[in-house]
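In the form predicted on its own, a lone chain appears below as structure tokens.
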């Protein structure tokens, strides 16, 4: 990147089923501070994790169309369920724009961390049943075992702000104990809400288990793609960040500020159709 030269002024587009993708957005803000960002949270149709793959594909395509209407130069699918069910379809439907999901970067990081070749993944029911993480692992390794566990209560616990409650710890123990028994040494957080529970998860899993948060890996992947394709903005000032939702912007704003650790000035509501 050459400082001071505008290579591509268009913003980066990010979508999620709700607020969880803000964990990814936060890392992209930090990794690419000069880039403009458009974030869309599909709060009217959340959760995606309990819906059929066909429905999630439909939603993912409409979300991407909205981001395209905002003239974005790259799309980040900051939702594990959407990445698991819709990534191939999105690439086929929108061949003119780079699209990055959260699964590939997380798998690569987990494969680097595991020593005993036993990896766990936690996520929504749809993400776990899709076997998307296993398929991604098999692209690189055939001798790695993957153990999945759906954690359907984690998302509402995070959105209600029940991070440090004893009830949350008890629920987490219930979900994670089967994975501990498998002697995994790397655990992929297969939902973008789950990094908010990282301290609880680490406490249960212990020091011998690497907890893989894909957000940083996705941000680094985004930076690499922008560099390879000459899409850096190139401006010297920090970028702007716009937030859109399909329902309840006030609730998104309140919860989103906790995710980002900073103030959100404005959230616009749109009709996603």
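None of these values were measured; they are calculated from a predicted model. Numbering follows the first chain given and starts at 1.
Form predicted in complex with another copy of the chain: not shown, discussed below.
Another copy of the chain is not drawn, but in the predicted complex it has a heavy atom within 4.5 Å of residue 157. Using a 4.5 Å cutoff between non-hydrogen atoms, residue 166 counts as a contact of another copy of the chain in the predicted complex.
In the predicted complex, at least one heavy atom of residue 43 sits within 4.5 Å of another copy of the chain. Interface membership of residue 238, defined by any non-hydrogen atom within 4.5 Å of another copy of the chain in the predicted complex, is ruled out. The stretch in contact with another copy of the chain in the predicted complex, judged by heavy atoms within 4.5 Å, is 239-247, chosen from 30-38, 239-247, 215-223, 200-208.
For the residues 174, 180, 138, 71, the 4.5 Å heavy atom test against another copy of the chain in the predicted complex is passed only by 174. Heavy atoms closer than or equal to 4.5 Å to another copy of the chain in the predicted complex belong, across 40-69, to the residues 43, 44, 45, 46, 47, 50, 51, 52, 54, 55, 58, 59, ordered by sequence position.
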